[in-house]
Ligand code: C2E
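Quick setup: one chain, the form predicted on its own, written in structure tokens, and binding and motion questions come after.
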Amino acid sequence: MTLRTEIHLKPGDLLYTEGGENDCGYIIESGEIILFGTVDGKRVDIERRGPGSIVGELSVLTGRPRTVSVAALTECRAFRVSASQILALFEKLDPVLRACIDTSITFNATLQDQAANPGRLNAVVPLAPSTLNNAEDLIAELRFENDLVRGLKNGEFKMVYQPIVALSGGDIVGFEALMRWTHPEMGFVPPDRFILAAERIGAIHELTDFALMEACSALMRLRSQPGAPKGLFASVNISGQDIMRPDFVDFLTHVIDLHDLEPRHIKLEVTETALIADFEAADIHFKRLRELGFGLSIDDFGTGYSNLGYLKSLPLTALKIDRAFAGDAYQNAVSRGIVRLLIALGKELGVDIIAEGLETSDDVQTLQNLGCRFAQGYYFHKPMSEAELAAQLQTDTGKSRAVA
């Protein structure tokens, strides 16, 4: 950790002078200072500042000499922040915000130059350089975000459904609803990319609402067909941002009422890392959802922070073991040990364990031997349309098939 040098000033002491070096800035902790300049050889007082002020930062960011002098009006205490520290923090800013500051600084400097040299006003107007780092990449990302919102309105998003099966016989017990986006120019867009963008721009709520409506609509039709499993459920991924929405529970209950479903027919999956952001708030909202009867699970468990403390507190009904462990358990002893531990943990907590990403009979046999009850993956079924899932349910009706 870099220490900030503490500066003590008495009334009248100069902190720095006009035209001096721009090697640092200062944060005023206590006391009062005055900023002043020189016009036609005379001192001109500009403004006074108190605790919490920062001075000297502008010359650091512009790379120009100090434009004013600063003196203490009272006893003052300040912290010196080096130019390298200021610039390092500046680089970490959001690129758009950083560009706004850069542009403002550059434009202000241009105005000052013109005021100091009025004869240059009729000269050729200079072309200012771009203040955006990686401007092309940023603009492409902004366009992508706009396309996302437009695509949702234009019906470019759709849902597919991957069956969840009982490992004891391979019967379908439910399905996970998965969102897909086919961009008119880019084609298939990976969910990880558009979900992160939606969370960033605040559009994730619209995507979640769409997913819930589509999944509940499909579940209603699938449950009504002859021979459908009585306990058939839909598992829907939601963002940590959705859990915090004041109206989310009301919307969810409205959706299931609209489709003549019960809360137990819907399982909500939240990623482990999303819970970490605000555990206390997540705990309150999860308990309300659980009281209403909704299933609650942590998706991709084991890939985040693996905080066992909140597993004890949250009213979960399931844990989904990430494919990085479940799909690797046959070949990797470490993954196998982790899966064994998670299955034992699930039994201890009284929650279901669902293994994701099973692709081979060896994967399936390994998970069966470890005591896992439910799974999904390409070994059983790929994600499919509602029509394909309806046909698959009819094929599976009254049948039990070997799973390994």
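This structure is a prediction, so every number in the text was calculated from the model and none was measured. The first residue of the sequence shown is number 1, and the count goes up from there.
The same protein has a further form, the form predicted in complex with the ligand, not shown here; the description that follows concerns it.
Chemist: Out of 148-156, 283-291, 184-192, 86-94, where are the residues with a heavy atom within 4.5 Å of the ligand in the predicted complex?
Modeler: It is 184-192 that comes within 4.5 Å of the partner.
Chemist: Answer yes if any heavy atom of residue 359 is within 4.5 Å of a heavy atom of the ligand in the predicted complex; otherwise answer no.
Modeler: Residue-level check for residue 359: yes, a contact with the ligand.
Chemist: Taking the shortest heavy atom distance, is residue 323 within 4.5 Å of the ligand in the predicted complex?
Modeler: Contact check for residue 323: yes, within 4.5 Å of the ligand in the predicted complex.
Chemist: Residue-level contact is defined here as any heavy atom of the residue lying within 4.5 Å of the ligand in the predicted complex; does residue 346 satisfy this criterion?
Modeler: No.
Chemist: Using a 4.5 Å heavy atom cut-off, state whether residue 329 contacts the ligand in the predicted complex.
Modeler: Output for residue 329 is no: heavy atoms all beyond 4.5 Å of the ligand.
Chemist: So the ligand isn't shown here. In the predicted complex, which residue out of 167, 261, 318, 211 has a non-hydrogen atom within 4.5 Å of it?
Modeler: By the 4.5 Å heavy-atom cutoff, the listed residue in contact is 211.
Chemist: Within 4.5 Å, heavy atoms only, which of 162, 217, 297, 241 is in contact with the ligand in the predicted complex?
Modeler: Residue within 4.5 Å of the partner: 162.
Chemist: Given a 4.5 Å distance limit between heavy atoms, list every residue of 69-102 close to the ligand in the predicted complex, or none if there are none.
Modeler: Nothing in the stretch sits within 4.5 Å of the partner.
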